[in-house]
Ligand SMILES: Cc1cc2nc3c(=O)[nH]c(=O)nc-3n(C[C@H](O)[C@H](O)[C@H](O)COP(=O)(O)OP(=O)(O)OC[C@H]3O[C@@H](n4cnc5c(N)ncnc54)[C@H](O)[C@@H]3O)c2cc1C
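Here we start with a single chain on its own, the form predicted on its own, put down as structure tokens.
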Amino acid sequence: MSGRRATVLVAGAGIGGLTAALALAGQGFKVIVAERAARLEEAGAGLQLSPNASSILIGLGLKSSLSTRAIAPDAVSVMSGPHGGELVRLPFDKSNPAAPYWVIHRADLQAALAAHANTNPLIELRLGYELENFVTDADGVVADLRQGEARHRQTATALIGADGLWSAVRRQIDSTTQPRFTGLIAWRGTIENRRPPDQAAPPCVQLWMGSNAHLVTYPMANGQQTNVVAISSGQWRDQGWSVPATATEAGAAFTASRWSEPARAIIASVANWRKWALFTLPASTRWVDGRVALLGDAAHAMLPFAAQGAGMAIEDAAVLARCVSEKEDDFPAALKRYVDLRRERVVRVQNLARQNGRIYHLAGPAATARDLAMRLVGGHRLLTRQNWIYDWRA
């Protein structure tokens, strides 16, 4: 690329924003990351990084820092919520160390990304800076950032909105599109594992399917904790990713009449619950306006039932950086190219997540037919049906 280094302003220091900063800096751009939070604190719990995402992070130089914090599970074990037994096991292929399937605490991933960004001289991470508004012209973007009572004006060649579901950037470029409540609530918590590491069971993701609800568990924190996420229907729809919840609320859908003792024992083992309402964005959401573009949840928030929310944000970041590097003399065209390359794949993943949710929550004869079909197909063939996700490379 030319000796001129354009400056890109990224709003949001979450997974997508920090990955975008690293990918852009890797292409020689100067990057300013403005994050409204004064500190990058623990948010959420665990997340899954399939090979399409982990390969990007490894390519950005994060292998050593993540491999010591992440766990590579052996398989996904699909469990019957009503009966308590395993229906089928989907084994992960561990033959490619450059593209593992990882589970990791969200805070550990964010901390690793931030630490890597802080060592890069092309990246400036500004914590406690909230983007209030911006204007664009033919030459760039002028953004107003607020730090406490102080206001700062920042010019940049482009603005990337990686500021999540309730994106301030999206509100300016697509004011008519609002997040849609799905009628589902996620409850999350952790279980402290008391077994010594040498006596722990092989690491595994468990998916428990039941009537109008499901449960996902997997190990994290070097196997010392189990991440638990329960999904059920509800009407609570406030904003927030970490609202305190009670055990009674979280366990309301997992009654003894419909759920087995092993599944309910998992629910009972969580000491502290948090909840968030599940919202999505429609496929028609506008992602780009000239020199301004969205990525991650700001562009395409989706249900978590394909475990690809973080993965799609990481993919977005890699593709966006490549597009602007290839056409840095025309940022609007580069950002339009980024959207053209990403939208179809992301919509397909959104649809898969929605379909998975319906399948997980079946009841009665439909659930019986589903269980039988999964056994007949087998774990390996079920897993290969998602190769179009996992085999993608930036």
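Numbering starts at 1 and follows the sequence shown. Since the model is a prediction, treat every value here as computed from it, not as a measurement.
There is another form of this protein, the form predicted together with the ligand, and it is not shown here; the text below is about that form.
Between 82-90, 252-260, 116-124, 299-307, the stretch whose residues reach within 4.5 angstroms of the ligand in the model of the complex through a non-hydrogen atom is 299-307. None of 229, 111, 221, 142 but one reaches within 4.5 angstroms of the ligand in the model of the complex through a heavy atom, and that residue is 229. Just one of 287, 273, 276, 134 comes within 4.5 Å of the ligand in the model of the complex, counting any heavy atom, and that one is 276.
Heavy atoms of every residue among 106, 162 and 311 are located within 4.5 Å of the ligand in the model of the complex.
Residue contact check for residue 34: one or more of its heavy atoms lie within 4.5 Å of the ligand in the model of the complex.
Though the partner is left out of this view, residue 74 does not reach within 4.5 Å of the ligand in the model of the complex, counting heavy atoms only. Proximity of residue 60 to the ligand in the model of the complex falls outside the 4.5 Å heavy atom cutoff. Using a 4.5 Å cutoff between non-hydrogen atoms, residue 25 does not count as a contact of the ligand in the model of the complex.
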